[in-house]
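Here's a solo chain for you in structure tokens, the form predicted on its own.
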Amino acid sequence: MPVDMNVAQAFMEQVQEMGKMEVPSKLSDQERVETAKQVIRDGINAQLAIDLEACVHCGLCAEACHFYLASKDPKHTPIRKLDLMKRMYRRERSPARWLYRLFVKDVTIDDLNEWEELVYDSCTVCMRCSLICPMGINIGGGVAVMRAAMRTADLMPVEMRLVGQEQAEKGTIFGVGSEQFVQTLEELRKTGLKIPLDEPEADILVLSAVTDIVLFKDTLVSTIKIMNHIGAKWTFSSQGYESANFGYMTGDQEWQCAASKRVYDAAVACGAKTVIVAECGHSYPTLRWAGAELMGKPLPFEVLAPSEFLGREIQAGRLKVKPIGKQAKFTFHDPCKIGRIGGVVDAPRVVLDALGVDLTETEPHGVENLCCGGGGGNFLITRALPLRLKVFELKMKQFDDTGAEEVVTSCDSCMMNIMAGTMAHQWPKPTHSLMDLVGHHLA
């Protein structure tokens, strides 16, 4: 079940090659500054203005941040990522702006270059800082506005820019699109698997992801087996199958909308009552909540994370699994976007309990779980690798402290980041997809 490390290494090397590319911008430095300022200015709504005024500089967000804990560098304090926005607010939006303009300096291109690293390389928008903040400041929401400003000003990691643009314009990711997805399903059908594709009517639309095609094909097989096992009326769509949404991660709302609309249209076309995203952490909140905002109306279907779906099916008695046994010592890593943001914490534990494994939790876990460091698109950024590996050392210690022999998670980004850390540190413990674990132990 563990991923072939040679395949994983080849994939990561492909991403690293992208990081060496240069993508010139047509904007001058001054145009970049004015463009970014306009996006920030428009993004400061009433709630964000209150947040910018509310910080009491207690420092608790720093102790909640995996990047700060790994580096101990004050620049990685979460609230500092909003300092540039706060300067703009004071100069242009605050009640005392006439006074602040006398001594608060305006935004420069050097500021933007510095903050680009802060909001992309050293933030996964995991929201642990906001959870801990005694004032309830939505730091992640502010970072999202900052990312949108950077994207509009052509100031963002080249890897994220290239992948986001490719998905929006071509409908492919790393050159993998509908054609490759259909070919993969055809290959799997030759093994005897029954795989519905583009069914005109279905209760459930199941999404996949480029990572399932390139890296985690075993997880794709497990997904198919599980859906057939429970007797669901389900289908894949050749046009709206991709869970990943790089527009969301880069901060480009047009790109984000284009990716979400493909899924929305596919679900509506087959009359799906439920859409199950792939084990792709960010895709869950992107479609479940942001999707409705982008469409401008409530979604006509329910959106479920894979772990959420598995937990429901086990509790309903439709999904039956063979116990693995207590000799298997596991720990579970809660993906931030699914656990902390989505609130899906109990469901994966229902699944692991049904599998009968010896589960030892990390401390903390659940909604307070420490991020692995790979979310928010960070796993793509080559220049962020040294810091990301330092963050993984924190997770590695947490995993080791449990005494567990194997790790389970339910997010491809987490899987890839843990694999990168495993290779870099020669760490011996395998990591499993929850969907894959269930697929290999169906009753």
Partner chain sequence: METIAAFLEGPFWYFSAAVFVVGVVGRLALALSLGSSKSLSVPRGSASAGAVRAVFSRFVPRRDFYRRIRLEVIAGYAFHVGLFVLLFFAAPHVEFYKEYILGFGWPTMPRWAFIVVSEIAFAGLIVLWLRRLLHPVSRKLSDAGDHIGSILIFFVMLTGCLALGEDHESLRLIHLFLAQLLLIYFPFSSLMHTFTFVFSRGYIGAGFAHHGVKA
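Residue numbers count along the first chain shown, from 1. Being a predicted model, the structure only gives us computed values, none of them experimental.
If you look for the form predicted in complex with its partner chain, you will not find it shown, but the lines that follow are about it.
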Residue among G142, G342, G247, G240 with a heavy atom within 4.5 Å of its partner chain in the predicted complex: G342
Partner-contacting position among I79, V275, L355, L155 - heavy atom within 4.5 Å of its partner chain in the predicted complex: I79
Candidate stretches 193-201, 358-366, 324-332, 219-227 - the one whose heavy atoms come within 4.5 Å of its partner chain in the predicted complex: 358-366
Any non-hydrogen atom of M135 within 4.5 angstroms of its partner chain in the predicted complex: yes
4.5 Å heavy atom contact, F399 and its partner chain in the predicted complex: no
Non-hydrogen atom contact V408 with its partner chain in the predicted complex at 4.5 angstroms: no
A64 within 4.5 Å of its partner chain in the predicted complex, heavy atoms: yes
Triple contact flag E53, A292 and G296 to its partner chain in the predicted complex, non-hydrogen atom at 4.5 angstroms: yes
Residues from 428-443 in contact with its partner chain (non-hydrogen atom within 4.5 Å) in the predicted complex: none
